[in-house]
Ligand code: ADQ
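Consider the single chain below, provided in structure tokens and representing the form predicted alone.
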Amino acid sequence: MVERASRTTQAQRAMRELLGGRQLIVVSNREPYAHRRGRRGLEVESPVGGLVAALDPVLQATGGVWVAWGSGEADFEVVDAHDCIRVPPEAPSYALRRVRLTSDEVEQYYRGYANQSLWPLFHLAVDKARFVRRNWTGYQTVNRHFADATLSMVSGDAVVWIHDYHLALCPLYLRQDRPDLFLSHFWHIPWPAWDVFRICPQSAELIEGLLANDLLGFHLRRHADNFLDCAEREMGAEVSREEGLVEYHGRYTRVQAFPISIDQDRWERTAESQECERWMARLRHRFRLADRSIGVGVDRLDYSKGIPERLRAIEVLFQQAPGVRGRFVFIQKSEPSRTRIKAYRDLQSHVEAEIERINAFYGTETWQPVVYIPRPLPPAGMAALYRMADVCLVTSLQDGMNLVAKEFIASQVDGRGVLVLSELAGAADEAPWSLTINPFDSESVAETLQRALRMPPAERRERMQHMRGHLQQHDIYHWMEQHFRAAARLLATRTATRSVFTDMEEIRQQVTARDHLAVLVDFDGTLAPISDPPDDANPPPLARAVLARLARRPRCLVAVISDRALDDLRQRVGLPGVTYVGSHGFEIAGPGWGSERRQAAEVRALIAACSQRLRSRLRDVQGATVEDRGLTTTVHHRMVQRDQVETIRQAVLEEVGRVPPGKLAIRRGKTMLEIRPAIDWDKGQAALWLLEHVLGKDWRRRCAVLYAGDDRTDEDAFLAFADDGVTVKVGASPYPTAARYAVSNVAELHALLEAIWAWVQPPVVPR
């Protein structure tokens, strides 16, 4: 309980910091609480898992608004005159604004356009996609309803977070009426390539709707890249793929990957509970599972999940390995879904018929090969299925993420199960220790199932330990925090960046307003011009000279902050009195003192080993370079052919997956991938730590700060000093920056430093 409370508290704190007094409004098709009529009168359905359960405590803490379709049969019996109700019922703390929809609107918007047009097309089930004009009209109408409901709840400056494919037009309608709103949208399903997306008759309208957002999130980088291609081809928008940025009609949309996750702690606690133990015993007895290997598949009955393909592979397993007959039982947990749509009714009939056929052909009086559970199970029952499974089989034909894979990992508290995972599911990008399959190749899937069932216990535990370690660090709260940080950076860019040379008097007043001055500068592209190769980078003599003069001045802290290793940085600058902050702040050395973050030092050998293996793996990839910087390793792909970038990314992912879980992380930057200690630490935090270490906790009262940098990694520092520092972006920026000021190049920054040196000289007293 303590750990979950801690994660929830972190998310609440991050949201408060993001909001800065702004109102938060969440907009989604699904509501967090629904009112229904039960045997004892009105009953309230509480949040169950996933996004709703994670966002609910955050909204409770921030007192925001949730706008959603009022789908409960008694929802509008309890709302006020504005269709609002305070929730949660036991301790009301935020407003739920319910959107009224007629039965025709539900049919056209939800069952029609959202689930018979967008869902099949975006999951590559093109043959099932139906585009009917009245459904599109209904989709437009309902998106307008959601926008109007949201606007009715806005008070002052607001942050609006929209969710999923049901509401692609809502951002545009909001933007038209309130240009000042900050709009963020997370797209929970895949985004297809342009050749597939262009099938949609309303492709341009959908893109235009989403480009009204300030921040647009997808599960995977490739989904984000597909969207960028569509925006460029369909709308003629200006696209920066490296920066994930779209410029359309004079405004920018940041497009970024945020792989969604689950509440790992909640699943783990449920799996360890006595109730889960009772469910395991009940299921083993009910389905005669004692002394048998168990496979499990958990899905909605949806054609994107590959359930018929899964059943075909299981039958091939029984044919190829007759020895597993009688010893292996596969449990298929599937609830009927969207049964008013013919494609879903047909799928349900087909799946049930196939299970009946397989059981009739292969089953015996004492063995049922496939157990079918169509009814809902409580959380403890679901955790029991996952925990007792030897194999979890995920055969998605196309999936944005697939949280079943993560629920299985979280529930595997005994570490005995094997995850067999479709390479077409987004979760495969985060689970290199699973056994990946192509669900269309039934023979290969059957062979992989055999491998999983024969896998030694030690290998099972090792694989599961790695996946559980990654999941623990990348849970639903981490997903939310990443959103909040990205939004905070974009909010900071709303202050116009101005040339330093048009505001020199204002800058002079800022840097001379305190007794102390801190001059903090990045190295590559800031103090020294960008060099190719990077080993040739050195600061010009004039830059070295002005830094040396500033460093000798009393009450002036000069620091060079870089991703380079500390020793390399110190050697290139070579000035006494300067503080050197290397490896993004993991190692710091000032005049007469030094500091290295303990956790970072522990993984130095692991990073060196990763670097060595990557050099070997990538030696034949033309243009790829691996730069070992001690506490970080950077894999550069600036000179690599575009179709080889994914090969590099996969190699990095696999090599990091080989080390003990929770030790290393991967950070994507401008044409590079960086392996670094798995510590929440960046240039901004390093700069704040340095100032407190040198000047004390009250440094803000006593010290003026200038921070200059040229890269996206410097945006963390620009944000850290957004309120009371002089932040300077060096060079042309292809994206909005949080820096308050800008210079065109390294030489102009050096001119600014010369001016600062002149400003801080003591006045000459005439004799």
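For clarity, every value in this text was computed on a predicted model and none was experimentally measured. Quick note: we count residues from 1 along the sequence shown, nothing fancier.
Note that the form predicted in complex with the named molecule isn't included here; everything after this is about it.
Asker: Which residue among Val298, Val656, Leu172, Leu118 has a heavy atom within 4.5 angstroms of the named molecule in the predicted complex?
Answerer: Spelling it out, the residue with a heavy atom inside the cut-off is Val298.
Asker: Which of these residues, Gly244, Pro661, Gly400, Gly112, gets a heavy atom within 4.5 Å of the named molecule in the predicted complex?
Answerer: When the named molecule is considered in the predicted complex, the option within 4.5 Å is Gly400.
Asker: Can you pick the stretch from 463 to 471, 382 to 390, 353 to 361, 439 to 447 whose heavy atoms fall within 4.5 Å of the named molecule in the predicted complex?
Answerer: Checking each option against the 4.5 Å cut-off leaves 382 to 390.
Asker: With the partner left out of view, is Arg292 within 4.5 angstroms of the named molecule in the predicted complex by any non-hydrogen atom?
Answerer: No, no contact at 4.5 Å.
Asker: Considering non-hydrogen atoms and a 4.5 Å limit, does the named molecule approach Arg564 in the predicted complex?
Answerer: Residue-level check for Arg564: no, no contact with the named molecule.
Asker: Find out whether any non-hydrogen atom of Lys333 is located within 4.5 angstroms of the named molecule in the predicted complex, and reply yes or no.
Answerer: Yes, Lys333 sits close enough to the named molecule in the predicted complex that at least one of its heavy atoms falls within 4.5 Å.
Asker: Just checking whether Lys305 would be counted as a contact of the named molecule in the predicted complex - the rule being heavy atoms within 4.5 angstroms.
Answerer: Lys305 belongs to the contact set for the named molecule.
Asker: Note that the named molecule is not shown here; using its position in the predicted complex, name the residues of 231 to 263 with a heavy atom within 4.5 Å of it, in sequence order.
Answerer: Contacts from 231 to 263: just Ile260.
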